Structures are given as structure tokens and as C-alpha cells.
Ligand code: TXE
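So this first bit is one chain, no partners, the form predicted on its own, shown in C-alpha cells.
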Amino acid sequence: MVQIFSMFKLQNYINGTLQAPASNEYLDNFDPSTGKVYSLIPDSDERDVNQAVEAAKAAFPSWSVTPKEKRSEIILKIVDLINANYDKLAEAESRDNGKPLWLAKKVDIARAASNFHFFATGILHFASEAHMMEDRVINYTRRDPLGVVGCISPWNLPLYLFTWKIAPALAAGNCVVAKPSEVTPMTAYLLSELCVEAGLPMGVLNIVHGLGPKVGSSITEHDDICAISFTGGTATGAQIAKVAAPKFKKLSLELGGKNPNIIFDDCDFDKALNTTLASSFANQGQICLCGSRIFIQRGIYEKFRDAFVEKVSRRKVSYPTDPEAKLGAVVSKGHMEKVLSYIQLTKEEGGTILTGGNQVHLEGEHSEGYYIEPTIIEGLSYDCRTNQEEIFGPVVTITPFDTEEEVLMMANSTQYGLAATVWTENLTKAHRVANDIHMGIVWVNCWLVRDLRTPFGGVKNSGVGREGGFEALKFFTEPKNVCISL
């Protein structure tokens, strides 16, 4: 790892400069793979947010009328710099989050660059509507940037999801006050260095590090921030809505999930099995789209269960730079304890642990890291707490079912409605199940296949609004109808 990170003090990025927090106080940043502090994070507060908002307000009149071609050019410079610093960013993401280095290289940094590239080019093709009336009257719709917007992102895919929010906001001509997770702030800090190098105008993007109750709340409450895009837990999303809704801010909330993976007995068995390995435990199960409830039709239940357990039991849990690691560390000690508490709960609810279920203790410098075995649990009721509450770790349950009606009832039984995966070779059945399942995203015979043009988001307690594609550009703009009589 790069030695620069040893007790390095991150800085806020406000008005085009890197600077210390107003408090001059810092928080510990832990390396999940070792359990040790390795850098310090600004403990910012409302003073830093206020300064960032003032900088964004000052920058907005100019940035909002900057030709879209010029905005695109600047954002594409950031893409080039991400690619030029690819290995450094991947190493930082792996260390900060605990995920295997190969995963950070394959997924996180690649997607961050793709997010910027997609919206930098997408804005060049973003169009609005015109409506001609019979009596020589024409209506056309302007889509203008909102102003200063707040973007608050989570810790599981730090740079990936951070850029997923700020890229469309910037491309649409807004100025941004952004808060990355205090648990995984390093790549957002490194991105701020790249923005300076790319020549992003002062105040267009401001990154304020710190705790949710201080920084996140200040962003949500600030009267001059007109929209909030948030990804994170459902309880936090509810609190944001409680504060922001009475102020009539636009809200995009991408929240929790408890996703079903439905495997019918007419599936492509090997493809379903191998993909289920990924959809269960990718990123240590710390992806809102992971399928944590696996429903298997009874005709293939025992065969699938036994093959799945055998494969999962051989998945190596190891430190992030181990090239053979299939799972790394979970993100924090507190999160590890939460996941382990749910594993204990499954025993109390009558579940049987088929494999895993324990904390993993590595040797040497990684002996105090936050590692958990990938865990499969059988024998639980579909409506028990383990099957209803979001665990967000390397823990899945498996449940047999007999009929399509039965599995739809179980799949739809939670408060969440983010994503589902369906495995069947029957096209009619696939369409029927996709129609009847209450989710914002349905994958059929695949998982996590993403076209960035498509809308992303959930129903019920999984969120409000959609991200991705032109949906994101629409969120970050205000439609205005102009009616002209000819």
C-alpha cells in the first residue's frame, strides 16, 4: 500500500481548495483488514457546510450557463485522470473498505470512470419536449439546473456511488455540496485532488467530510440547498425526508433492500448456481442489490442446496491484497458485530447454519481485522426477523417453495422492494413473475447486469425516485413550460 496514507489527514474540498475543517478536529479512519487507524478524517460541522454552500452559490450563475459542451469537456478530463490514477484509487478503495483489491479494480474504479463518462456524454444528447397545438400555439419545455444540490453517499461502494450522484448533478449545470461516508472517505478525497488538477471551476463541487448528524444534517437542513440525493439506510432516509419534505426540497432516496433470488426447477442449473455465489456474497454481501433470501423450487431444492453449500464452504476469506481472496473484511467493527448478532438471532429463530456463521481470525497484521465467513442458513420461516430485516453482510437464507403463488407471497412479504432475481427457462413465467413481484428492478437469468441508461431504484421502503440515465438528469433539472401563440 502507498505509504502516504500512514496517519494522513484528509482535507475538505471547498471553493476549489483543499482545507482543514473549521473545528480543526479529526476522526479516526480505520483499515478494516487490520482493525487499525491509518488516517484521519475532518470532523466538519455546519460552518464547513455553510462555507461550501456559499462557494456553490457563487459558482452557480457561471456554471449553470457554461455550454454543455464545455461542462462535458471538463468532466471528461476527470475521467482521464481517474484512469491515469486507476491503481492508486483501487488500492485506496480496497484499504478503506476492506474489499479484495481485484474487486476494487474490476468494479469500483471502473464504474466511477464510467459514471462520469456516461453523464458527460449523456448531457450532450439530453433533450426536452415540444407540443404543437392546432390553433398555432406551441409549448416547449425548458429543463434548467436546480441550483445548489446536496449529494450524500454510502460506504459500501464509495467512489462508485459517490460519482453516480455528483456526475449527473454537475453535467446538468448544478453546483454540488457532497458528503461521502465518514467510514470510507479516502477515494472521495483523492477525487477532490483530481478535480483540482482537471480545472473544475471553484465552488462547482464541494466535498465536506464528517459525521452524518453534523455534516449530513446540515446539508439536509440548509435552506439554500434545493435538492437532496441520498443513498443509505431506510431509517436515515426517513429522517432526511422528515426534515427536507416540509422545506419542499426535491428528494431522491435510494434505501435498503431484502432482495429475493427465485430459482425455479426449470432453470439453467449451473448458471443459476454460479451466479448465486456472486449475488449472495459479492463485496461481502454489502451491496444493496445482493440476493439475501434464496427461494428454491422443491424439485431441485436438495440438489441446489448441497451444491451451493459445497461451493460456498470453499470461498476463501482473506486480507484484501490476497489475490485468492473471494471475500475480504466487512467495513467496520460495528458492522461486523451487527452481522454476527443476526447470525446469533438465526439460531434463536430455529435456523440451521449449513456453512459459515463465525468470525474469521487471520494471522499477523490482519489478526484484528473484521472478517466473517460466508454463511448459509436453512429452516427459517419466511416472516421471521432474519428474513425480514436487512443484514447487509455475507449471510443468506435458503427456503424451498412449491408453487409460483407461494414464492411470490414470500418474496413480496418484506417492507423492501428494491431488486429481485428470477431463474427460469420459461419466458411466459419470467414475464408473469416480473409483473407480479413488487420490486423496482428484476433480473431474469442474470444479476447486476447494468445498462446505465436504465432507471435505478426501488419501491416501498427501498426508496423514492429513480437514479440513472436521463432519469437522473431529469431529477437534477427543473422543467418549465413555455407557451407561445404564433
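Keep in mind that what you see is a predicted model, and the values were worked out from it rather than measured. Counting begins at 1, following the sequence as shown.
The protein also exists as the form predicted in complex with this ligand; that form is not presented, and the subsequent description refers to it.
Three residues, Ile109, Pro158 and Asn283; all within 4.5 Å of this ligand in the predicted complex via heavy atoms? Per the other structure, none of Ile109, Pro158 and Asn283 touch this ligand.
Within 4.5 Å, heavy atoms only, one stretch in 85 to 93, 385 to 393, 405 to 413, 118 to 126 touches this ligand in the predicted complex. Which? Stretch 385 to 393 is the one.
Would Phe230 sit within 4.5 Å of this ligand in the predicted complex, counting heavy atoms only? Heavy-atom contact with this ligand at 4.5 Å: present for Phe230.
Residue-level question: is Thr399 within 4.5 Å of this ligand in the predicted complex, judged on heavy atoms? Heavy-atom contact with this ligand at 4.5 Å: absent for Thr399.
Answer with yes or no whether Pro213 is in contact with this ligand in the predicted complex, where contact means some heavy atom within 4.5 Å. Heavy-atom contact with this ligand at 4.5 Å: present for Pro213.
Does at least one non-hydrogen atom of Thr220 fall within 4.5 angstroms of this ligand in the predicted complex? Looking in the predicted complex, residue contacts with this ligand include Thr220, since a heavy atom lies within 4.5 Å.
Using heavy atoms only and a 4.5 Å cut-off, determine which of Leu81, Cys288, Ile372, Leu146 is in contact with this ligand in the predicted complex. By the 4.5 Å heavy-atom cutoff, the listed residue in contact is Cys288.
Heavy atom within 4.5 Å of this ligand in the predicted complex - the one residue of Gly173, Gly351, Gly203, Pro154 that qualifies: Comparing distances to this ligand in the predicted complex, the residue within 4.5 Å is Pro154.
Does anything in 168 to 183 come within 4.5 Å of this ligand in the predicted complex by heavy atoms, and if so which residues, in order? Lys179, Pro180, Ser181, Glu182, in sequence order.
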